[in-house]
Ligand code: BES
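Take a look at this single chain, the form predicted alone, given in structure tokens.
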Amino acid sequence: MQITTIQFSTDSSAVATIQTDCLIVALNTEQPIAEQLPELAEATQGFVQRMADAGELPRTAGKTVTLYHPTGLGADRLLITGTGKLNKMSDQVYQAIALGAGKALRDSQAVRAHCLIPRLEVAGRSPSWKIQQAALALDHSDYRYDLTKKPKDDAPPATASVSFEDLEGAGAAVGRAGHIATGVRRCRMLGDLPPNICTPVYVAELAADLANDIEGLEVDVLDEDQMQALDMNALLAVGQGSVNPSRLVHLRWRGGSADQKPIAMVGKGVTFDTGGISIKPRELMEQMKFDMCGAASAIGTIESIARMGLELNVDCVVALVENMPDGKSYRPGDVITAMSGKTIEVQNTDAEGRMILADALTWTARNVEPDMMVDIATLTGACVVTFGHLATAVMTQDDELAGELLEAGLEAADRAWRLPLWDEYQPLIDSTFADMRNIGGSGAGSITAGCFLARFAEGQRWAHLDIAGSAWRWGKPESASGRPVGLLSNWLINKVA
């Protein structure tokens, strides 16, 4: 979907004269239409106000009604989305309004639209923020997975373009939105692909294709022999039960100065997770194709910032494995020596994400020497128990880094919340037979997973993002969410703002 701005004056004739397939407006039911959009009230000669008076306008944020060939307008359609109560307006409500409008637009026959949703007042948010978030929400609703499922002959067409008023900062906002939307789509597509296609080798080849396509983006791929030579035994142990070989992918973007230390993102990429010998229950196992969404979001983010030419040095390292039960699989009771030299007692082969990240974090620290690094992983079901599907969990002992990530999440309407990573939790993963075990006790499951990773990030400015709840909705027939590409992209953009 192309996102643009147009010169659009605010005189009374402007709304009436704009030519588009669909004009999108957001209206509340608490104020006269003439106070909200006087141009619309005048152009429609009171028709929309009469709808409001008759109770025909949507009241709930994101609920919509579409009028075809509306009176007094040059647009073929008028799409009206509700806003909910004015005193409840927030970043998340604004996002819901735009997502609802995007869904109605995608379900229509319109392919071009002009959006006036940024006319809404959102406390503390600039016109450029409102344009960027509306554009991202419209693009998000426009996404349809079609790589292994052809659309029906009568399926509504994809939206070709959406335009916005050329308000202050609009040009930069739509530029950023377009690139971030590309990364979100990449993340969603990778998550949605079936695991017989989206294998570790497939993702590595896609990363190589991205590097060929984007000038300045570079890639290296380590195969199993190369990782074995580096003693990456924790990562390799997880994948050794699969016929699909494991890979470590390193993407580099050098938009900053030569002496600028890079920021690193490290993604968990378990392209399918049966749980291994500690096999998962049958119910919803098919959704374990989403267990590589940490890797997908890291790849989507570096694609976003590379395409926008961000003046920052950024590295993306993704560990790619498939966790399968087999005669060669690693077992509960095994003791594995990780790349760092630390030993791990395996008590649950379904706690595999932290195993592969242990070596990926060590490799990144040694080879990238980053200024700071953030790992992203669909790591623990306990995170879903804690937050449901609303928040990403942030764990770090670096207060400044935590603040940056939380603020970036608020700016992107891609919220996160911090969990403690206190030293008092560390004994829960102590082991009699190794330096540590790969699970804690029955409590604090997300935190003990963070404690495990912290032992492999020693000496680094590091944070862990558990996206088990935010990357997709468990049990729902929906695609990957694309989170936290918005959070990560905003965080990196803020580094050069």
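Here the structure is a predicted model, which is why all the values come from computation and not from measurement. Start at 1 with the first residue shown and count on from there.
The form predicted together with the named molecule exists for this protein as well; it is not shown, and the discussion that follows is about that form.
With the partner omitted here, the residue from Lys85, Lys342, Lys280, Lys103 that has a non-hydrogen atom within 4.5 angstroms of the named molecule in the model of the complex is Lys280.
The single contact residue among Asp414, Asp375, Glu303, Glu352, judged by any heavy atom lying within 4.5 Å of the named molecule in the model of the complex, is Glu352. The named molecule is not drawn, but in the model of the complex it has no heavy atom within 4.5 Å of Gln240. With a 4.5 Å cutoff on heavy atoms, Asn348 counts as touching the named molecule in the model of the complex. Within 4.5 Å of any heavy atom of the named molecule in the model of the complex lies no heavy atom of Ser108. When contacts are judged by a 4.5 Å heavy atom cut-off, Leu222 does not count as touching the named molecule in the model of the complex.
In summary, the region of this chain contacting the named molecule in the model of the complex, judged by heavy atoms within 4.5 Å and restricted to 286 to 294, 146 to 154, 195 to 203, 178 to 186, corresponds to 286 to 294. Contacts to the named molecule in the model of the complex (heavy atom within 4.5 Å) from stretch 260 to 275: Lys268, Asp273.
Compared with the form shown, the Trp474-Leu105 C-alpha separation decreases in the model of the complex, the change being 3 Å or greater. Relative to this form, the distance between the C-alpha atoms of Trp474 and Leu136 is reduced by at least 3 angstroms in the model of the complex.
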